[in-house]
Ligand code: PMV
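Given next, in C-alpha cells, is a single chain: the form predicted on its own.
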Amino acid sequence: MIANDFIPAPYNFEAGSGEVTWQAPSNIAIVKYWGKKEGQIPANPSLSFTLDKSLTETRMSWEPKKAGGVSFDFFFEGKEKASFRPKLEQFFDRIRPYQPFIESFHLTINSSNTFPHSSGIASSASGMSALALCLTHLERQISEMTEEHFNRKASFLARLGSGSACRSIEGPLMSWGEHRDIKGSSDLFGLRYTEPLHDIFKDYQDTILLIDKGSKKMSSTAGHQLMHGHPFAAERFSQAHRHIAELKPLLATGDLEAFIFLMEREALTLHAMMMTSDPYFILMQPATLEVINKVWEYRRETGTPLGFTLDAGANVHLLYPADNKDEILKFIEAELVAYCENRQYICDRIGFGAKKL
C-alpha cells in the first residue's frame, strides 16, 4: 500500500454529534526503532510486544460545525493540558489530507493513562493510537470501511502522531517497517506478526520497574533526530534488519536463551546510540545499571529465563515466561523493588491490542 490509499473517497453519509471511547495499550519493542525519515518513516524495522495493562483510555465526542480549520479541546486526566496542544495541532495538520472531515466537527478529547506519562513507557504510543482509533471510528460513521482497512488506517494515522503508536493497534506481536522476511511489512503502518509464534510467548510477562517516573531529559522525538549524521547509524540500521531475521526462528522455537541475548543486546544498543550521538545524552539512571547487574547475577545463579529490555528512559522492563512468574516476583520484591521510585512497579503481560469500550 502507498499513502494515497488512505485518502478517502467522497463520504457517503453525514454524521451528527456522537461519542466513542477507545482503550489502547502501550508496547515494548524487542527490536528497537531509533531514527526516522521525513513523514514519520522509520529508519529501520522494529518488532514489539503489545502490552495488556499499560493503557491509555480516550473518550472523544464530536459536534458538527462549519468547516474552517480544526477545533478541539483536550483534557488529560480531567484537566485541560495546554502543553499537549502543539503536538495535537501538528498531528491534526498531518492527518488532514487523510481525514478531511475533521474540519467539520468540534472535538472534545478526554484522555487518561494507567501508567506515568513521559517516563519511558511509550505513553505517546498508547495515547496517539487511542486517539487515532476514535477518529477512524468517526470516519467509519460516514463511509464504508472493512475491518482490515480500519486497523491499517488507524495504525497509519497513529504513526503520524508518534511512530511507535502504529504498533499499538493489534497484538500480541507487531512489526513496523519494511523487512524482506516479513510478508506485507510496511513503513506506513504496523502489522500483526503472523509468522509462527511459540506458545511460551503468548502469555509472556512484563514487569516494569519504575526507576524514574519523571519526564525524560531528552524527548524521543529529539533523540530520533540525532540519528541523522550519527557515526554508527548505518551499522545500527543494518543490525536491526539482521536481528529481526535472527529473531524469527527464536520466536517459532521458544529458544529463550538466544531470545534473551538478542533482546538485551537491542536494549543496550539503543542506549549506546544515545550515548554516542551529538550531543550525547544518558537516559539510564544508576539504579537502572544496578538492576541490570542484579538480573544478570540472578540468571547466572538460578538459570531462570529472566531478561530485560529498556525503552527510551530509565525504567526496566523484565520479560519472562508465565510459568516463572511466582519465583521472579519474589526476586523482584526481595532484590529489585528498592531501586524503584517509591518502590513502585507494574505487573503487565502480553496483550492483544486495542478495544472499543
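Position 1 is the first residue in the sequence shown; the rest follow in order. Keep in mind that what you see is a predicted model, and the values were worked out from it rather than measured.
Below: the form predicted together with the named molecule, not depicted.
Note on the interface: of 326-334, 310-318, 288-296, 58-66, the segment with non-hydrogen atoms within 4.5 angstroms of the named molecule in the predicted bound form is 310-318. Comment: the named molecule is not present in this chain, but in the predicted bound form one of I260, L270, M218, L107 has a heavy atom within 4.5 Å of it, namely L270. Put simply, S164 is close to the named molecule in the predicted bound form: some heavy atom of it is within 4.5 Å. Within this chain, S124 lines the site of the named molecule in the predicted bound form, having a heavy atom no more than 4.5 Å away. A residue is said to contact a partner when one of its heavy atoms sits within 4.5 Å of a partner heavy atom; F49 fails this definition for the named molecule in the predicted bound form, lying far away. Contact check for H137: no non-hydrogen atom falls within 4.5 Å of the named molecule in the predicted bound form.
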